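So this first bit is one chain, no partners, the form predicted on its own, shown in structure tokens.
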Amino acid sequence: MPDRYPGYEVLQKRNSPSWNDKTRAVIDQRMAIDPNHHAFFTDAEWPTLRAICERIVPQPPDRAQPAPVAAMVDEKMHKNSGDGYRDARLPPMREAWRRALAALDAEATSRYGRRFHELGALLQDDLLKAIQNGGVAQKAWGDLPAKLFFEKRLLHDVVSSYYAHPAAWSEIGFGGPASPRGYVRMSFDRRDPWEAAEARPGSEAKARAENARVG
């Protein structure tokens, strides 16, 4: 996958006018999350959740500090930090996750004789696609609609956790919270000097040089 923002590292903004003390405190807290810690999910559920996160948002193997996605989802469940809404066809957030993880492992064991986290990447992907398409039949799902859980809960919690972490911001050219500096050049295809430069074909070196100065 090409690097769309070569040379850009959002953490370079830490001591710049782009971030204030509150922003720095929030970012530091996220950077300090232990990727191996879990307080809500059980020891049996934890490897299943981690395997799901690794397939939904696979990260570059050479990334120095990957986003601790599973730990962030666990933290959300532990704090019961809801979204302020939920689809009435699904049970409450924490119940939905517990039931779905048990059903996913039951599905994997029924099909392949192994738990989900013990499967290879291709079989994991096939099973996740089956859930996405509603093509599962294990009794463990009960009245929990697998397709709806995948769309409204699994994707939402996993992807939003990933893009709440600075490791993901650098790859999409996001500068973090716009506080206190904000943005000035709001017109189409214009950017402020403190925003990342996107590399277009033939302009990679220029973008890299500009991004080295972003702060």
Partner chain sequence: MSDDAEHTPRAIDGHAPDVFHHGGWVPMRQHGEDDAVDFAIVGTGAGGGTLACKLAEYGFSVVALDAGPYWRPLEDFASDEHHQAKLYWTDERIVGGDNPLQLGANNSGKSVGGSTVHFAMVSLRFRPEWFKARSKLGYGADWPLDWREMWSYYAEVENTLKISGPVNYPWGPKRPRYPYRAHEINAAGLVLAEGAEALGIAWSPTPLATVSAPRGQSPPCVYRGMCVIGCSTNAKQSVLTTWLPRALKAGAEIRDLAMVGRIEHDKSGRVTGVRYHRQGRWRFQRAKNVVVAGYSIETPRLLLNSASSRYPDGLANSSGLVGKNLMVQANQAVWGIMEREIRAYKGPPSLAITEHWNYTDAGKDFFGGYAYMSQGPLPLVWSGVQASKRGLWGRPLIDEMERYNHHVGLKIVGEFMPQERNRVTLTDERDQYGLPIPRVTYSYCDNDKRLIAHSLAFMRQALEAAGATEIWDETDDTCHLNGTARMGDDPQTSVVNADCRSWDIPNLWICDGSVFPTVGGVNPSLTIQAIACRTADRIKARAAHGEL
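Residue numbers count along the first chain shown, from 1. Note that the structure is predicted; figures quoted are calculated from it, not measured.
As for the form predicted in complex with its partner chain, it is not shown, yet the points below apply to it.
- Annotation: in the model of the complex, residues A67, W97 and A100 none come within 4.5 Å of its partner chain through any heavy atom.
- Taking non-hydrogen atoms only, W169 approaches its partner chain to within 4.5 angstroms in the model of the complex.
- Taking the partner from the other structure, its partner chain in the model of the complex has a heavy atom within 4.5 Å of a heavy atom of R86.
- In the model of the complex, none of the heavy atoms of A32 sits within 4.5 Å of a heavy atom of its partner chain.
- In the model of the complex, its partner chain sits within 4.5 Å of a heavy atom of Y162.
- Shown without its partner, the chain has F150, E151, L155, H156, V159, S160, Y162, Y163, A164, W169, E171, I172, G173, F174, G175, G176, P177, A178 in segment 148 to 178 as residues with a non-hydrogen atom within 4.5 angstroms of its partner chain in the model of the complex.
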